[in-house]
Structure formats: structure tokens, C-alpha cells
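In C-alpha cells, the next block holds one chain alone, the form predicted alone.
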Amino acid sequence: MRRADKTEESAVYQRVVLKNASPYHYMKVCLVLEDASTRPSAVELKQFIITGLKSLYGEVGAALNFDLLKYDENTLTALLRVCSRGLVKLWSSLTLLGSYQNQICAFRVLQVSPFLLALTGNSRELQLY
């Protein structure tokens, strides 16, 4: 039984959206070169990316903090970590890089995620045995 003097309280729902919850973003990129025999080292690749940032954004862009976490010289695939605020700057500078040691090149961005674990697998490359 309900008492007449007690009022019903309606439930209050609150929607919470977290933007950029992670301080870093991770990018899996692949460098495609015109001459397949050219194999830049990890140091040369990082310097190449810094040069691209500097040419697009100047000294401020060159000071962007990013890390080359993993690099495979055979496939020219790299795993980059960048602070979330610098993701757009890094991505745009990678997109506009067009030549490496006087040969045509391009960066292909394979995966981007705020979680490193998300880059360990790719459902597009899944092979069932």
C-alpha cells in the first residue's frame, strides 16, 4: 500500500561521454617506397617523420613528441605512439610526405587506436586454419 502523501520520484539518467580518455594514440603505419630495395633504419625513419612535421608545421611541429615503439625493416611497418592532441598533426604530415631520398614514397596508415592492445590483431588479416 502506498501513502497518498508520499510523492514518487522519477529516475534521473545522466549520459556521460568521455572524449580523449586516453592520453596517447597509437598508429600502425607502413612506408611504401618506389624502390623496394631501399630499407631505412629506425633512426632514419624517425628523422624522416620529424622532417615531415617540420616542413608542414615548422619548429613547433618538429617538437611534437612521438615515439617509434616498434619497426620492422623487412615490411617497413612501424608502430608509433603520439599524445592525443598531436594525432592530427602527425597523421597529416605523414599523409603529405611524398619523397624519400629522391624517390616517390607514401605512408599507409593501417590502424589507429587509443589502446595499444587494439593494434595487436586485425580482423581483416585474420586467417582461419
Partner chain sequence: MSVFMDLNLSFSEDRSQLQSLVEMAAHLGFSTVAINYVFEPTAKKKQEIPVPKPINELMDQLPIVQGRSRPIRVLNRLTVVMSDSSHFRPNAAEYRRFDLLAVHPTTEKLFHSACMLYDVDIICVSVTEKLPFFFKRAPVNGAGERGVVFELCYSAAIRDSTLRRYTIANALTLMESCRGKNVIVSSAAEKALELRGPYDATNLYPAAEGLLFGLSDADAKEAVSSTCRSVLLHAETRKTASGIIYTMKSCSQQEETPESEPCRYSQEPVNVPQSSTVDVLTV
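Treat the numbers as computed from the prediction; the structure is a model and nothing was measured. Numbering follows the first chain given and starts at 1.
Unshown form predicted together with its partner chain; subsequent notes refer to it.
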Residue 77 within 4.5 Å of its partner chain in the predicted bound form, heavy atoms: no
Its partner chain contact at residue 97 in the predicted bound form, heavy atom, 4.5 Å: yes
Residue 105: touches its partner chain in the predicted bound form, heavy atom cutoff 4.5 angstroms: yes
Distance check, residue 109 to its partner chain in the predicted bound form, heavy atom within 4.5 Å: yes
Output flag, 55, 85 and 92 jointly within 4.5 Å of its partner chain in the predicted bound form, heavy atom basis: yes
Position in contact with its partner chain when the complex is considered in the predicted bound form, options 30, 42, 62, 33, heavy atoms within 4.5 Å: 33
Stretch 111 to 129: residues contacting its partner chain in the predicted bound form, 4.5 Å heavy atom cut-off: 124
